[in-house]
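One chain is shown next in structure tokens, namely the form predicted on its own.
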């Protein structure tokens, strides 16, 4: 089901939705120098529209269901109170939410990350609560970034996995394709009812044709894990890394976190916060021992997790959606595309040597 949304109907529809949903979307912000503009996902103020005239947000949409810092519990240390030293869960926001303008790669990333937070044995209530309360409205990529390589990761500019609704530009208006019942309900709630006799197939093919960056992944599942772990190229790959963590914080499929207590005077809260395998302290044991105490070990961990451990564990391809953020923003130009090709070729060469 594809609907047509005229320019004036877009704003009025959002106003209707704001009565029953919390609205989120890309918002343009100024950088610290005041000159550069970038986009991030924010809660939309009353009457504010999501900015859909963008290449991609600097940070992915994962913060909508996995906040950078999330209060889990509060407590008091005041022994004059009967409830001292008792953890109290922070009340959840029960209002339904809509996230507009999510790129298809970010939506696929959320679906991949769900495999970590929603398993038969363990279900993360904080992550799942926000994920299930959110209707995901995607924005197709008709002009992908030069660093995008999503078509090499079983994704694409019009990919629908993880989305409830997919938007694409049509003149001064929009086309909206409902993918799930949640998407259909959102269209009805917004009053966007005009049917569009459109086929998105040609647009999809044209957008995919704009992506010229490719990576090889076909050999990764076949390679020997220990052999690849001990490959001789990791020192060269890690040489320039400064362990800043930029790649992990920008990555839509990174899910590492830490839990910390913060206390001011006698009031405290327990927080879940993003963490990074790039940081030296990430793997420090309480004994003081650190099993990954060099940057080469940490860089290897990042790429082995994305391109080998995940592949072997889930058998669903690599843990990357090809958004290109880490390529664009790495301060020392480490490129996951080159590392993937390096690992893939190494695995292929090792297989040929074994057969010879």
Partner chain sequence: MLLSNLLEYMGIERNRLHMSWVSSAEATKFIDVVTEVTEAVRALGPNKYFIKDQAKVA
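Numbering follows the first chain given and starts at 1. Computed from a predicted structure; not experimentally measured.
Only in words, not in the display: the form predicted in complex with the partner chain, which the text now covers.
Interface residue among 228, 271, 168, 113, judged by heavy atoms within 4.5 Å of the partner chain in the model of the complex: 271. Here is the short version: of 93, 208, 132, 267, the single residue with a heavy atom within 4.5 Å of the partner chain in the model of the complex is 267. The candidate stretches are 153 to 161, 215 to 223, 256 to 264, 195 to 203, and the one lying within 4.5 Å of the partner chain in the model of the complex by heavy atoms is 256 to 264. Among heavy atoms of residue 70, some come within 4.5 Å of the partner chain in the model of the complex.
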